[in-house]
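Same protein, same chain, two forms; see structure 1 and structure 2 below, as structure tokens.
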Structure 1
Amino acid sequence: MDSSTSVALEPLLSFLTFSFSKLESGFYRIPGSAVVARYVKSSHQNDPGRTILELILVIFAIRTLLQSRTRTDRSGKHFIKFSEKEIDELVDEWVPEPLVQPLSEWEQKDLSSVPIIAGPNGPKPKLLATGKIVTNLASFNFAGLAGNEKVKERALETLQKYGLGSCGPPGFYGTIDVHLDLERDIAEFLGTEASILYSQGFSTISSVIPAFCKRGDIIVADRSVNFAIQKGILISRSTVRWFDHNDLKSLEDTLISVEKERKKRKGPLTRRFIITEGIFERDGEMVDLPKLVELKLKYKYRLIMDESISFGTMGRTGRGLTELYNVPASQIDMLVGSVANGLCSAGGFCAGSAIVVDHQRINGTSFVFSASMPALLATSGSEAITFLRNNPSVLLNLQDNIRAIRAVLEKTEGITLLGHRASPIIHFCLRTQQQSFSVTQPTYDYEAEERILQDIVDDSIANRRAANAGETFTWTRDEKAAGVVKASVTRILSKRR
């Protein structure tokens, strides 16, 4: 019986053997088939169960491709049938949702109260709405460069020679020789190897951070960093650890905890960054730069510091905290500053080593995809640096003004001054409110306080002193302007008691 069965199956087995032989020879004629074959043999030898799983997945994929993509009921028996009249009525009744919510009464008032300047801006601008000449306490014209005659003359000469716009990004016919001159001037001014120029101030730090920080990297950042830094951190997709605002003890504890976590999970060493500001835009606090550099070197982190407020205002000649604390700028891996604030021009910069700068010329999104700044703004920045080098007394005058204004406002009932005493931006908040500058958990009513502050601003403008609800006061020539603000604070708060 067994012999007859074998004879009967012999033609079938021969056919199968011949078919598999043909399939095998045809398979090996396909380019790359040998690699696939070696992978399957190796995978099956090491883990036979994986071969079965992969075979099931292949069958499932083939089945999915072959079956119908849609399983709708083509008969339409489960559809609701409407008449033409009903369809027209439904269309007429449909009201689309608004793209944005309408402005509230307070928001409309806040928007309409923004003062508009007629003519050049400076310490004594003219308001378009009323025609009044007011004292401007709300601009970042820290060193009075906005109306400097030498800067204006240089800008006019450049305008006549180069025209207005650059008409292209830096990497595509947008780079002009004066842009490179300003980059060299900034690097020499700060004492770094090189610097790179960005045409928008806000986009500078938010482009620098993701140019270096990637997914899997570690960022340790101050909780109260400005909005531009927050956006840069978000775009980087890095792992973020926050430390308490301007608390270097909290920073060190965070650095230690990061290393403990890495050792606990036996993770690889990754790139690690500390991100903070020199003078914080949110409250005017100043970082202890020598201690910060000490921690950076001790725990082997790279330091990204935003000096948008301190550059052009701190130090004997405006070089920022590195000059104030006598710390070499080379100790800061990426030193970011504002050409718009410190030099009264436009844009921003990042100074550091040549490697750091060259990397951004390819990976800094704002640098790569934005048009270069007009040539006249670049030469204005270079001329402003020359002015700061040759006229250090202007920053002494700035500090005198800061002390004069603080002396008046510190005696004002109902408000508390915040920030470092040397900060060129002076913040105050209502003393009746609990202050908190946490990025994640605000603990008081911002809107209620902002309404009161806006009333103070409106009252100050009515008395010919243009203030700012952001509580920023800079560059005044006497104590009279601060006295007007003090009187406005007293009047508004007394009405609300």
Structure 2
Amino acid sequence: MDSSTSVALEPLLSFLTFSFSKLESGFYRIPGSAVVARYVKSSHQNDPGRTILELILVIFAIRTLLQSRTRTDRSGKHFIKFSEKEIDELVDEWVPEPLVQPLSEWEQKDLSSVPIIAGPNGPKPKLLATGKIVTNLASFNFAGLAGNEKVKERALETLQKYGLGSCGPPGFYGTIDVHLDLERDIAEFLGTEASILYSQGFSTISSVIPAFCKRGDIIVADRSVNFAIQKGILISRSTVRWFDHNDLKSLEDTLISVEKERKKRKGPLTRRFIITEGIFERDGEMVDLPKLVELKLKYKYRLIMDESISFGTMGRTGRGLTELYNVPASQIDMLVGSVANGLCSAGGFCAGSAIVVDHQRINGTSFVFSASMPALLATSGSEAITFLRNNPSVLLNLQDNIRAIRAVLEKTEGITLLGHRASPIIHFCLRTQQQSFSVTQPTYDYEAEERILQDIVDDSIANRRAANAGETFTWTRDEKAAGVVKASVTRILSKRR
């Protein structure tokens, strides 16, 4: 029995010895293998336990390398194993929430109170619901470009030649010569090297910020920047430090503390950005641009400034804050503005150096992945710039109107006017009793306050004036309109008390 097995195993054994010797000679032929062999031998002699330990280490390393690097929930420690039947039961039991919560009564009212205009928008539009002609203090028509015949004429010509849609993203035959013209016009108007055109205002800044600010970069932003900027900051994943609203002292403190932190950590130099608005959409405050530029240069930050409101409204010819303060636009690294507001067309732009602009042509998500704007809107924008260049008196008129309306509203009881006195958007808020008495932070009932404001708005509309919750915009000189707003405020507030 024994001998027969040994006979049967003989060829196998001889093969094993042969292959082992072959392997050994092959191993020693590798340069440097002798050193490894000596090391293994000596370590095994000194401490056989160590060999086992090292073997385990090698196996562990191989396992780690082979493991997939993606998130594996199935093997995670929180993963519970279920049988197919249990999963079916769980699936049957699961009841999802409705996709959206139905609107509350208040929201319903809010939605139905949105004014719908019949026909063109302008200083005196007609409301669809009542058919009344109202004075419009709610639209972004600062330079009175809505319904401008020249713009219309140019748009019509463009339509005949270019059709309507551009039918492609800028990279893929969606760049039309009129887009290049408008980009050049904007850059020349502002005095920057170049500019880039986005097809929607909201998406402009929320695309510009993540194009430059990446993970690990530092953003120092104003506490009450508008929603689009907040979204852009959110998506950038950078480290954000906030400074007090429109308080450049607070900004400087923040910049100093960031620098201190960096020195303490001895971290590498990262990109640093200051993000703020020219005229704040939320309350109409205006930033002190020369001081801001001074700080930016002193602490070596790059400045992203949203001029959505101030472009087309401020300065002698509407070039925005840079013209108003006589600061060269090239001092602002990324100057973002709106073609929709200031030029009464659509879209937005970012102006800056050629490097800044070119970088966005491949990294600005909403530029790269969206169809470019229709040709007729681009030519309307160009025409509007020509209009602003040739008619500086329009903006003087705008300032007159702002002064007139503010003068009336300032005298109104129960409300406080916010914002800079030259701002083309005028916000007012309700003056509350608590504010004057308590030193502690007053507790606001936002919803109640909104309701009062909405009532004021509704009341104004009933009196043939369209306005907006808590904010008023102006183009036409109409002190009577301001008077009506004043009367509405007084009436509603007296009802509430």
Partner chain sequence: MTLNPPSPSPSIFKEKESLSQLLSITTAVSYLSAIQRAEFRARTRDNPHASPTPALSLSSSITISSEDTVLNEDDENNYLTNPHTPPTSEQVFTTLHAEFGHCANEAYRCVSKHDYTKPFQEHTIEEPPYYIHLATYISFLILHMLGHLRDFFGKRFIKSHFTHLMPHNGYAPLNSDFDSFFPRRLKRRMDDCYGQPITGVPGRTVLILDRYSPDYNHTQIYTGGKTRALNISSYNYLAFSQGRGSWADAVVESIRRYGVSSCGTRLESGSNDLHVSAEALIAHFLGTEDALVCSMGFATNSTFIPGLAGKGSLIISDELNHTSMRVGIRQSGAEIRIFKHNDMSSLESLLREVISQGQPKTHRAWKKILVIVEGLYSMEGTLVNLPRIVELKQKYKFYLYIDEAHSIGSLGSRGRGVTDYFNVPPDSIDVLMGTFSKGFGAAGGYIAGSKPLIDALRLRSHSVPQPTKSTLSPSLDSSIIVPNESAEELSGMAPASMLPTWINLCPSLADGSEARVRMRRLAFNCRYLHAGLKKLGFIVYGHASSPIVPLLIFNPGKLPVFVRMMRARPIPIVVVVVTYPATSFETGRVRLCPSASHTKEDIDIVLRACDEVGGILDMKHGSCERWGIDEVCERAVELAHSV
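Between two forms, the rigid core is the largest collection of C-alphas that superpose within 1.5 Å. Because the structure is a prediction, the values reported are computed rather than measured. Structure 1's sequence is the ruler for residue numbers, which start at 1.
Here the chain appears twice, and structure 2 is the form predicted in complex with the partner chain. Superposing the rigid core and comparing between the two structures gives a CA shift of 6.7 Å at Phe20.
Superposing the two forms on their core, we find that the Cα atom of Ile59 is displaced by 3.9 Å between the two structures.
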